[in-house]
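This document starts with one chain, in the form predicted alone, laid out as structure tokens.
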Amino acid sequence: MNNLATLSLDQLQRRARHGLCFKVGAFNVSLTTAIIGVANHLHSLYGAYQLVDKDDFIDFHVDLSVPSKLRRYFRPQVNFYFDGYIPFKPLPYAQAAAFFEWGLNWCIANHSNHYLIIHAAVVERNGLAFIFPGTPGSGKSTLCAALVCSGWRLLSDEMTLLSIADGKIYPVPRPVSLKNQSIDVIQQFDPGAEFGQIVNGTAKGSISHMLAPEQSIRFSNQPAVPSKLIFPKFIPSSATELTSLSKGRAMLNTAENAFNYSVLGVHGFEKLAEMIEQCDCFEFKYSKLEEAIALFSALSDE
């Protein structure tokens, strides 16, 4: 099956005006937009994703467009439409590509209740998934990006999808979102890492997205077994420190980081408890990515 890389930028732009359909993990997305910045974003960072026929089942119908013709010239803005309605206030036009990424996060988090969805980066090595829940500023996405640059498989930098059916973690690999100084940190860590455009002035500061490895996308139909649950915290100049965390505290902390835990009720509780039971749980402080990579690589080899 063809992927987006088979389309020239002009072909991609033409298709996107009428609905560009492609697969992201287990989800089929239809994106309609005439915004050149969004087409450039897809052309740069989504080349390895499979194209999907319009007649196939589409999970998320998304449209990014300007609110009115006047808005194209006076303080231009962009709206995010999901299935024909607008779940968010418009954002500045220059943030359209980032808006697509944020909006798709929302689509998955709010309409995928066959998974327990945890706000956590997740990567895999040797078939084992390492889960990194975290609040903004914890360093989870930076750590995730560094692990991916070091050969780990990206499952997601944003959402851990724990299947209610089988307790495995299902990938939804997408470009890794980095902000502010984390962009420079990863560019210095791996000068070969490819990034999209830097968007300044968002609510989160400066944003850029790192290209997901083609191998991670190719194997996005292969789940992983939960193995390590690690709550990271970046602290400048701190020593690398991995500390065991009790199962009870890990359960409470993870539930607080789950998007749909209360929606799933007893099913969410039971599946999360099963995951906690099979994982080694830790708190992790770090300041040096190289030491973090070495530590987790050793853990994955045990």
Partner chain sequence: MEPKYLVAIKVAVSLIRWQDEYVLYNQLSGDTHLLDGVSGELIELLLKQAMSRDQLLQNLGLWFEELNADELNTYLDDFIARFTALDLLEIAKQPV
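Computed from a predicted structure; not experimentally measured. Positions refer to the first chain, counted from 1.
Keep in mind that the form predicted together with its partner chain is missing from the display, and what follows is about it.
Item to complete: Go through V29, A39, L45, I276 and name the one with a heavy atom inside 4.5 Å of its partner chain in the predicted complex.
Response: The residue in contact is I276.
Practice prompt. Sort through M251, A258, I58, V62 and report the residue having a heavy atom within 4.5 Å of its partner chain in the predicted complex.
Written response: Residue within 4.5 Å of the partner: M251.
Discussion item. Taking its partner chain as it sits in the predicted complex, is K54 near enough to touch it, meaning that at least one heavy atom pair lies within 4.5 angstroms?
Written reply: No.
Worksheet item: Is there a heavy atom of S246 no more than 4.5 Å from a heavy atom of its partner chain in the predicted complex?
Response: Yes, S246 sits close enough to its partner chain in the predicted complex that at least one of its heavy atoms falls within 4.5 Å.
Worksheet entry | Contact label in the predicted complex: P67 to its partner chain, heavy atom within 4.5 Å | Looking in the predicted complex, residue contacts with its partner chain do not include P67, since no heavy atom lies within 4.5 Å.
Discussion item. Please identify, from 8 to 16, 21 to 29, 289 to 297, 276 to 284, the stretch that has a heavy atom within 4.5 Å of its partner chain in the predicted complex.
Written reply: Going by heavy atoms within 4.5 Å, the stretch is 276 to 284.
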